[in-house]
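What follows is a pair of forms of the same protein chain, given separately as structure tokens and numbered structure 1 and structure 2.
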Structure 1
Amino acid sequence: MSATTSTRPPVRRVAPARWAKDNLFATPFNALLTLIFAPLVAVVAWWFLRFLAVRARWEIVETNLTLYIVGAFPRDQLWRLWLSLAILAVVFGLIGGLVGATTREAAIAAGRPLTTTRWDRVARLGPPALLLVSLLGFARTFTPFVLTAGVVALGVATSLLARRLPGAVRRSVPLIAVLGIVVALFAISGFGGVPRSAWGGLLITMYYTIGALVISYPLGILFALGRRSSLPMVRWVCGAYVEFFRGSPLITLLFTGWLVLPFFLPADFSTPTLVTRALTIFILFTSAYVAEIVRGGLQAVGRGQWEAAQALGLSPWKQTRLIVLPQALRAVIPGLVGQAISLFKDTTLVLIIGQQDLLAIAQNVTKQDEFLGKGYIIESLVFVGIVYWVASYWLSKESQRLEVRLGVGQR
């Protein structure tokens, strides 16, 4: 028996028969629903599992796994990707560990229960494990396993280390993270590396997601502050920007970036690459949405907070940075994570402007001679669908966890 007294209510144990009666056959109508739904669910589940385990011809994924992940990236340069992955593992380990430690402290300080039963901890590992299995499960050689294990170990070690960092180092973590991401990028494309036009598959998907995230979130916060500014001129311009980008479909904007964006630059400028153009559009688009989310958070911060900050004699910049923004951002974490997930899913649209992202590759591999015209598109799309699904699901679950930890919406 542990010394700490649990604040949880005791778990009520119910006999299966009783449980079924309460949850499946409580009323005649409920019983009818169960009788209709049970075979339906059973058929769908059986059909799906049989497809995954038996019927699906996964050789299309096995043959092309590298293609799905990196596209036309030169195969002799793959070590750069592993290097970059290792750097990213450190960056995200650092962020993850730090967020975990900070929110844990916050939760303990506020007396909120920590959601860490043994089952929670196991369930939490589910999505990332599933992601690794769905990617590595098709690997034909031993190397990816070893390297992935190394990267994962590095990430976990950093996250454990991050919890013990002193406060002074903690504050500079955002800067370290951005630097780390830049270095990771440079590890791939710098020093005679591979230009971004040769990137493809999951790599380019992640590039768009992370690149747009890192730049558009600060930009979005600026636009949100601009929209709440006391200067009408600033308010109008920021408002017009946000409304324009929120009112337009992303694909149309990507087309504009593809076909028209070069025209906006002077004739003597070298035309930006397609990747840069698409990234620019993702940044402009996402920052408008982030601005709207953050504006909601800013509105949730009471006037009294500004006034108290003023009474303390803080400068307007410090009032915003130290008092208002932390509260505003905390209130909109679910929205911000949701937007990151949206961005991740929206990167599929680059296929329409001819980029070889994960989804485009899923379509193109079915045109290889040995797979052409045999309906392999289903296997291919199910595979990338699962990759997108697990990643999004994982992020949304982590965001819900964070929300509970921080007690968002509770007072």
Structure 2
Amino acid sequence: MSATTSTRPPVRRVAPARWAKDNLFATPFNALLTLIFAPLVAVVAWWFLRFLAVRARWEIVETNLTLYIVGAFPRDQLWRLWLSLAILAVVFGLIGGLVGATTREAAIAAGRPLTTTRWDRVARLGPPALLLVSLLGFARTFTPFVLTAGVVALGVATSLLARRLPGAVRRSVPLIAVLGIVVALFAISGFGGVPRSAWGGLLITMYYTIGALVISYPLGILFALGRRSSLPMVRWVCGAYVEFFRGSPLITLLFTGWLVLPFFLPADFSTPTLVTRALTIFILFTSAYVAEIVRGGLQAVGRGQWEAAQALGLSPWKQTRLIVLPQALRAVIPGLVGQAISLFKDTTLVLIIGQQDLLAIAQNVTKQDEFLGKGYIIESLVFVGIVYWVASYWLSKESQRLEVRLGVGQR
């Protein structure tokens, strides 16, 4: 064992009885609240689980599973989606491996524990794995099992490989990731593929979410830096942009992009598709909130960090890129992840401009002849709600895990 790893502090494992005493019965008031709400939570959980396992009629999901996931996407072109998923598995495997290796090295250098308990792994991966197994259980053929297993294995193998990449290669991973996402999109629409106007369901929801996050986060960081610029014009323009989009309801901006924007374009200018306009609105709206979150992180960095960077003779660009910005982003991880979760749920608003996203599909499938007027809307909305909750929960748990590894909130 190396000298570096030998100094690693052990992980404290708290017994269930000790945890309950510290968190549920620490004081008489806490004990009273526990005794009052524990039965209520148990009853609600029992009712919900009984509904899922016994009372719910999942025929509507089983019959329309493909519709929930891809909408009106041509069924003979589904191989494009599987190819795109394989590319994205490599992309996110690279990102996950890079982040894991970086945070591991930072934790070892700071003497923080790295070992996770079995319960931690179950809490992180249990709900997504259970949802994936449930979706495969609704499938009527064996092909999705094989393809899903291949995509998951590819992502895991890429993540393990990325953890062993040398430092010089790691620095190029963000560029490779962006190129990979572009290639994944081109695999769906390129070479006579399926236009985005034919996308729907969970596919278009994830497209809006990932596309807006990839573009709006760097854009928001630039606006946050612009608001702290020493140039008055840059500071005023960035401030006006942020305040305008933060003060405008997202639903109003979507209506503007849908109905008003074409009237402001020249007559000979080709009007962007509805999907492009909606994605642009999501990018502009999200980048304003990201800018304000990052600006708060920049203000949290002490003045002494700037002065130390200046004393080292670093240029203003290097001061920001190497010293200040990493500390600011580290401090606002919860806010950034919270904004990502908010964007993921806000994509449901495209329903009002005629987009067939996951929520719109959940409502429309109940109008099919075999399900019309039979109350299947409950099962349909519960299914969609579980999908949204699992994705949001997983992002939240990964954020907490990253905070622990980076020592956020610790000295």
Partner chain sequence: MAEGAAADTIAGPKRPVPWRDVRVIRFALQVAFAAGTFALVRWLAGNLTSNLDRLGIRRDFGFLSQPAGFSILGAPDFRAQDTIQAALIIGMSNAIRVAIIGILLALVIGVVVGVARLSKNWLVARSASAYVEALRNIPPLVLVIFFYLGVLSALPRITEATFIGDVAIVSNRGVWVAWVTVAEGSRAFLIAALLALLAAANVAQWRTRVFDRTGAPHRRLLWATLTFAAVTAAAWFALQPPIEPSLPVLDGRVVTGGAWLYPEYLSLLISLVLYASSFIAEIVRGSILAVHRGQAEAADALGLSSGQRMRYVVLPQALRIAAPAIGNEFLNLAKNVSLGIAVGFAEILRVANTAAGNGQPAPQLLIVVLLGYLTLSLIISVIVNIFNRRLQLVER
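Bear in mind the structure is a predicted one, so any value in this text is a computation, not a measurement. Residue positions are counted from 1 along structure 1's sequence. Throughout, rigid core stands for the largest set of C-alpha atoms superposing within 1.5 Å between the two forms.
Between the two isolated copies of the chain, the form predicted alone corresponds to structure 2. Relative to the superposed rigid core, the position of the CA of F37 differs between structure 1 and structure 2 by 2 Å or more.
When two forms of a protein are overlaid on their rigid core, residues whose CA moves 2 Å or more are considered shifted, and K21 is one of them between structure 1 and structure 2. Relative to the superposed rigid core, G150 undergoes a CA displacement smaller than 2 Å between structure 1 and structure 2.
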